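This document opens with one chain alone, in C-alpha cells, the form predicted on its own.
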Amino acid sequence: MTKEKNDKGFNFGAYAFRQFRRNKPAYISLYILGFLALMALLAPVIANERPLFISYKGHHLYPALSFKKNYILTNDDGTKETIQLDIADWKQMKADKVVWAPIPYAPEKTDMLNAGYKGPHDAQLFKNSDGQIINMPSRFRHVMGTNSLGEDVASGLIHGARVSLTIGFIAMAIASVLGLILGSMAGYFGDSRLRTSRGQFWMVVLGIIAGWFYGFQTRQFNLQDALSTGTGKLIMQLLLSISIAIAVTVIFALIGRFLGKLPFLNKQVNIPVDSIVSRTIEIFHSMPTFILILTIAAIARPSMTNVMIIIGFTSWTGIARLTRAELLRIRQLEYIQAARALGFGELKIILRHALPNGIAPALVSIAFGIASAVLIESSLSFLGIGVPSDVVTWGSLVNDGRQQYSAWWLVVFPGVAIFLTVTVYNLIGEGLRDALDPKHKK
C-alpha cells in the first residue's frame, strides 16, 4: 500500500530538481548565472558616470535614474540653469552631497586624462571641482584599467554582460521555437501519419514555391535595402514578405481543396514531413555555420537584432533532432493512443500531451546553445561585424587588447567573463541532462 501511494504521488518535476541540486557544480552555476543576470539588469545603476543622487544648489536630483534629457533649475536669485544630462561633467560640479554608482563611469564615455591604456595599478589622474589635476582618488579609480580612448573597462564589462546575455537568450528563443515546431512535427507525423488528397498536396507544394517567389524573390531588392538600412525596416520587410508567402500558400491550399474532389486528384497520399525536416537539418549541417553567420553579418548592418536573428535561424537543428527523437518514441505510448481514440485533434495532442513530455532533452540542448550563442556573439564583436561599434561588448574589449599586447587587462578580464559565462551554461546543461535522464533515476 505504501509503495502504491508513493508511486501515485511521484512528481517528476520535483524529483528532477532534487537530482539537479545534488549536482553541486551545476547548482552553484545556477546562482552564478542569477548573479550575472542581476548584474546585467542593474548595469545602469552599478556602472554610470551620472550620480545616483546629487544635492546641487538646494535641488535634489537623481540623474542616473532619470529619463529626462536635461534638468532646468531655478536658483535662489531667480536665474535658470540648464543641466544636460548626457554631456554634464558631474565630477566637476560643486555639489552639497553626492552618491555615486559603485563604478562611476559609463562604458562609452572617455576619460582623456587616462587615455592610452592605463592599467589597474598605473598612476591615474583626476580633475577635481576646482579644475586642478591631481592623483586619482581611490573612489574614482579605473579598477580594471582603461583602453586607448580612456573608456573604463569595468563599466564595459558590466554593460557587456547585458549584451551577451540578451543575445544568448533571445537567439536561442528563436532557435527553440523553430526547433520545437519542426522537430515535433517530424517526430509525431513521420512520413506516413499526415495524409491529404493528391490535389491538395501538390497545390500546397506549388503554393510554397509561389509564396517564396512572390514573398522573397520579387522583393529581394527591398529586403537587401532593409538589411543595410536598419533593424526596424528589416523586421517590417520580413514580416511583409512572410505575410505574402503565407497568403499565397493559403490561396493555393484552398484551390487544392476543391481540386482534391476530382477523380484523379482525390487519392489520399502521405506527406513526408520527417524526410523534409531531416533533409533540411542535413543541409544546415553540411554548411559551415560560423562562415554562414560571418557572411550574413558582414552584409547586414551591425545591429543586436540582426545578430540575434542570424544566430537563432542557424542554431535550431540540434533542438529539432532531439525533439524529433523523443516524439518518435512518445507517439507510440498509451496515453497518446487514448487521446487520439477520444477524438482529440492532432495539434492539441502535440501541444498539450506529446511535446510537454518530450521537451526535456531539448532543454539541455538549449542550455548548451545559449553558451554557443554567447561565444558566437563575442567572436563577431571581436571581428568588428557584430553589434554596432558604439556598443561595448566583451568581444570588442578583447579586440581592443589585440591592438596593444601590453594592455593585458583588456584581454584577461573580458576573457574571464566569457569563459565563466560559457562554463556556467555548460555546467547547467550537464546538470539538466543528468537530472532529466531516466537512466540516472534513484
Partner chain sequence: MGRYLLKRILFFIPTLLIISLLAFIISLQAPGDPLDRMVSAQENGGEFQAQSANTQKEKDRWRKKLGLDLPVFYFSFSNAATPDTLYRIYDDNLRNASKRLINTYGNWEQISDWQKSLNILKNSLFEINALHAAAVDSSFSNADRDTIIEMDRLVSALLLAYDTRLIEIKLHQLQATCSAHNYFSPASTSLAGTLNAWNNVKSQSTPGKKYIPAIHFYGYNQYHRWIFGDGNWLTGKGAVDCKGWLRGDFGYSYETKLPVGNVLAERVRWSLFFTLISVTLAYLISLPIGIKAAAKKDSLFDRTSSVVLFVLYSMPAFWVATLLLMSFANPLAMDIFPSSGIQPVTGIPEGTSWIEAVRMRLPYLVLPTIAYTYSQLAFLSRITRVSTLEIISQDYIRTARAKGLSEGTVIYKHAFRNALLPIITVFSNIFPLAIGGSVILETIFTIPGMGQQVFHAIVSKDYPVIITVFTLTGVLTLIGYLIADILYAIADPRISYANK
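Computed from a prediction, not measured in an experiment: that's the story for all the values here. So that the term is clear: the rigid core is the largest set of C-alpha atoms that superpose within 1.5 Å between two forms. Residue numbers count along the first chain shown, from 1.
The discussion below concerns the form predicted together with the partner chain, not included here.
S.K.: Residue-level contact is defined here as any heavy atom of the residue lying within 4.5 Å of the partner chain in the model of the complex; does Leu363 satisfy this criterion?
M.R.: The answer is no: Leu363 has no heavy atom within 4.5 Å of the partner chain.
S.K.: Does the 4.5 Å heavy atom contact test between Ala64 and the partner chain in the model of the complex come out positive?
M.R.: The answer is no: Ala64 has no heavy atom within 4.5 Å of the partner chain.
S.K.: Quick one: is Gln132 in contact with the partner chain in the model of the complex, heavy atoms, 4.5 Å cut-off?
M.R.: Residue-level check for Gln132: no, no contact with the partner chain.
S.K.: Spell out, yes or no, whether the shortest heavy atom distance between Trp408 and the partner chain in the model of the complex is within 4.5 Å.
M.R.: Taking the distances in the model of the complex, the answer for Trp408 is yes, it comes within 4.5 Å of the partner chain.
S.K.: Honest question, do Pro288, Val422 and Asn426 all end up within 4.5 Å of the partner chain in the model of the complex by heavy atom distance?
M.R.: Result yes, every residue of the spot touches the partner chain.
S.K.: Just one of 292-300, 74-82, 185-193, 346-354 has heavy atoms within 4.5 Å of the partner chain in the model of the complex; which?
M.R.: Answer to the contact question: 292-300.
S.K.: What is the one choice in Leu36, Val412, Leu52, Val391 with a heavy atom within 4.5 Å of the partner chain in the model of the complex?
M.R.: Flagged contact: Val412.
S.K.: Would you kindly say which of Trp202, Trp212, Trp100, Phe313 lies with a heavy atom within 4.5 Å of the partner chain in the model of the complex?
M.R.: By the 4.5 Å criterion, the partner-contacting residue is Trp212.
S.K.: Check each residue of 211-225 against the partner chain in the model of the complex and list those with a heavy atom within 4.5 Å, in sequence order.
M.R.: Contacting residues: Trp212, Phe213, Tyr214, Gln217, Thr218, Phe221, Gln224, Asp225.
S.K.: Return yes or no for Gly145: a CA shift of at least 2 Å between the shown form and the other one, with the rigid core superposed?
M.R.: No, its C-alpha moves less than 2 Å.
S.K.: Please check if Ile208 moves between the shown form and the other one, taking a CA shift of 2 Å or more relative to the superposed core as movement.
M.R.: For Ile208, whose C-alpha is compared between the shown form and the other one after core superposition, the shift is 2 Å or more.
S.K.: Taking the rigid core as reference, does Arg219 move its C-alpha 2 Å or further between the shown form and the other one?
M.R.: Shift of 2 Å or more: yes.
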